[in-house]
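In the block that follows, a single chain appears as structure tokens, in the form predicted alone.
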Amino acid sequence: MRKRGEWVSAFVFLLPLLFTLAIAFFYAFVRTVYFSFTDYNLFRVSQFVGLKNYLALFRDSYFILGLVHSLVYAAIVTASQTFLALLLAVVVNQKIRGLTFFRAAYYVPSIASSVAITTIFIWLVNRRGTVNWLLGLVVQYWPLMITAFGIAALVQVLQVLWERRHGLPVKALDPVLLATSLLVGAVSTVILGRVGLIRSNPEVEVLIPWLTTRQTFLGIPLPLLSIMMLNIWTTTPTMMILFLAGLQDIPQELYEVADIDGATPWQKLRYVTVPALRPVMFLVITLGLIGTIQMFDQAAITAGIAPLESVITLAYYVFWAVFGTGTLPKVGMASAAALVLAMLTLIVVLLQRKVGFSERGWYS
């Protein structure tokens, strides 16, 4: 009787959640499956059409574009955010002054409103926005920047060789020597510019239409590439927090043994850190794939500015088929596309677990 009472109490507490799941997920899923086999358009009684909607999807150019964009988007964004998140986590895991500020600063984009961030981003990538203005400065001053960094690199190499020749075990990027090298590079560049040996380019105005164009870069539409950069920036901090939690759970004894064996920072990262983070890596990649394949909000916000064929994804196609075609809503095709999106998400995650990082490491 006591066990039965505990089960009843647990069920009562779970009842609101179970009711929400039953209505918002299970019932919605069953209705979506049903509509995918009908010609329902919100205004007339639906009729069964079999696989007609699924066949029509693969004859729809917008669906094919959305499928390709979703796969390319998922591959590039997931790989980039995983790499950058791990790099940032390693950096903020160091014992340095002001660490709390840097952790908060890196995480702010992740908690901000997606709509607000996207709206600000649209302003930044305007034809005369901040991004194009900064690119204009790079085009104008790139001879000076290359000269400064080139001189700094040469001075750094000479300093390191000089110190090692005198028996001092300095690192290649020793902070003190690096600060001296950068200072010498900057001063030398100013002097060379004053005497006229190097000059900046004439002032140019960069007017790249990041969103209002059908142009592509390496086969990727510029508007979609812009959304990729935005998504990498906003999602990397969340993944960084997951990696940071994993890093703090790694036994320090492993690093001490690696130090005794004379391991370099790169070797410790490759042979200690990454293997120990395999479960976290699996979680990060899986969450990244699910989130990127189902990306909707940025595409929906920028679709009013960018050409539809440059930003459409599978998730946005589902919305567009019902509300954006300008004709009767294609609820049947939208339901079929939603199920294809769900199956694609499941297949991609399973393939990643089979041939990529899993919670047990790399599969051969």
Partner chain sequence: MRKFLVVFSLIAVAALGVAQETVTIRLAGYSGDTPLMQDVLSRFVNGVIPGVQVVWEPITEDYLAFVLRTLSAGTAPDIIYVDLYWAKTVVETGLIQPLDEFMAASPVISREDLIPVLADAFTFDGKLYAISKDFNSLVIFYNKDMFDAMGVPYPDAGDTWATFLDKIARVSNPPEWYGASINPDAARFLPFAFAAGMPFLKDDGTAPFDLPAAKIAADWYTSFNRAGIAATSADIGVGWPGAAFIAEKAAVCIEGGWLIPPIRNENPTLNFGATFLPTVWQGGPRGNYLFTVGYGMPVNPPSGRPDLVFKVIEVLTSPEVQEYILESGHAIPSRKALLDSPFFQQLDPFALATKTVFEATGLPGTVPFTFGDVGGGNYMGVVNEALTLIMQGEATVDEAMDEAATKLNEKLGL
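Fair warning: this is a prediction, and the values are worked out from it, not measured in the lab. Numbering follows the first chain given and starts at 1.
What follows is about the form predicted in complex with its partner chain, which we do not show.
Contact with its partner chain in the predicted complex, judged as any non-hydrogen atom within 4.5 angstroms, is confined among 66-74, 41-49, 332-340, 293-301 to 41-49. Although the partner is absent here, residue 323 lies within 4.5 Å of its partner chain in the predicted complex, judged by heavy atoms. The shortest heavy atom separation between residue 114 and its partner chain in the predicted complex exceeds 4.5 Å. Within 4.5 Å of any heavy atom of its partner chain in the predicted complex lies no heavy atom of residue 143. A residue is said to contact a partner when one of its heavy atoms sits within 4.5 Å of a partner heavy atom; residue 127 meets this definition for its partner chain in the predicted complex. Think of it this way: in the predicted complex, its partner chain has a heavy atom of just one of 147, 212, 80, 93 within 4.5 Å, and the residue is 212. In the predicted complex, the residues of 285-317 lying within 4.5 Å of its partner chain by at least one heavy atom are, in order, 307, 308, 309.
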